[in-house]
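Starting off, we have a lone chain in the form predicted on its own, written out as structure tokens.
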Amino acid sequence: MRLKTLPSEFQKALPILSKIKESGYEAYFVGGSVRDAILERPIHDVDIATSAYPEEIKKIFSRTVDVGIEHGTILVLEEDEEYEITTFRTEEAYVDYRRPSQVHFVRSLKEDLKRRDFTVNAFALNHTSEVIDLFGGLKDLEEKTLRAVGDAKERFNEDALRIMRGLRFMASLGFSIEEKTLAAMIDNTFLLERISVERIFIELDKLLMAPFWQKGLAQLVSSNVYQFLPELKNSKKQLEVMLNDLPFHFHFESSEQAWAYLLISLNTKTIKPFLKQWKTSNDFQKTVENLVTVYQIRLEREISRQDVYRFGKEIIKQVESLREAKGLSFNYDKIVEIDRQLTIHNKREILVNGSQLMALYQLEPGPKLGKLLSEIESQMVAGHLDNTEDAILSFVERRLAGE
């Protein structure tokens, strides 16, 4: 088949393909971007594969960076854009179920595409917009099926992360997994324990943020993949709660919201230790923890001025969207109104600081000064004190006089 319209991302990169072809080599757009072009989905990364070896690419282009030359990848800098160009290659046995022990550069496109994970990711697109489909990927796209290229067991044994990628593609595309491919995935789930947590997190995070996340998560549960993921062993019932408690049309607004709801469904009390097992950042852990805390607060009472000040309106609005999805009461307008009424949104906004109070009233650093600053902050949050120098100093003088 030939694409009726070549996406602008490919059009911009056509001169790269032309330069390589003019030098006597083959060059194609490959991978997921070709699949997305066929499906008329947004394109993210433009990957180029070529019969030219890395040193040959470096002779064709004047500005290059050796980003992964040992695996055949050269970064080409052209017209303020960056393009990763990878030589056709075959791979030796995988030593850790993730990386090949050795790669061999080849001149054959078919040999290169044979090592791809799924048929819908094994397309190539040439400079005339013709789709090259050597493994039945177009038929699988039409039937909305994920099928491994070649021997499914071999593909997952080579790279166990492909199990998570398959579930993620299922969630992002809404496809089903072909029977033999699914069986091979299930047979190799134990290999996920040998894959880095960081890589698994990326795939699970993308799954949760995908439009068909419930479909991907349901397959993750039914195929027992969850048993080999950090902190999720023996959590089938809780994951099913997560699947059943939100309507099918619900999409998470952020990764933090998705993971917060996962933790809520798991009824996990130790948020940070759980997320540390997933090697997440401190900022991510703090935001997720705040979302879970606000969710618990809302089960007991309405949101207060102090809550909006402490957690911020965006965190609380994400909790309200979860409540709305679950059919619980919600009130976005109230949150916006409270936020608008707040005198300050951060203590750094207070117009008088500790150093000024020390100078004006001969105060020493310590608990007394700390308590005074906390009182100023809490009075402002409560709406009892204006954020002006006169009002603050008058309040301080009254406090000091009352001691």
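Just so you know, these numbers come straight off a predicted model, no measurement behind them. In this text, residue numbers run from 1 along the sequence as written.
Keep in mind that the form predicted in complex with a small molecule is not shown, yet the notes after this line are about it.
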One stretch from 57-65, 44-52, 351-359, 365-373 that, in the predicted bound form, holds residues within 4.5 Å of the small molecule by heavy atom: 44-52
F169 within 4.5 Å of the small molecule in the predicted bound form, heavy atoms: yes
4.5 Å heavy atom contact, R147 to the small molecule in the predicted bound form: no
Contact of D159 with the small molecule in the predicted bound form (heavy atom, 4.5 Å): yes
In the predicted bound form, R116 touching the small molecule (heavy atom, 4.5 Å): yes
Option touching the small molecule, based on a heavy atom within 4.5 Å in the predicted bound form, out of E26, E377, D36, D339: D36
Of Q285, N121, S321, Q219, the one that lies within 4.5 Å of the small molecule in the predicted bound form (heavy atoms): N121
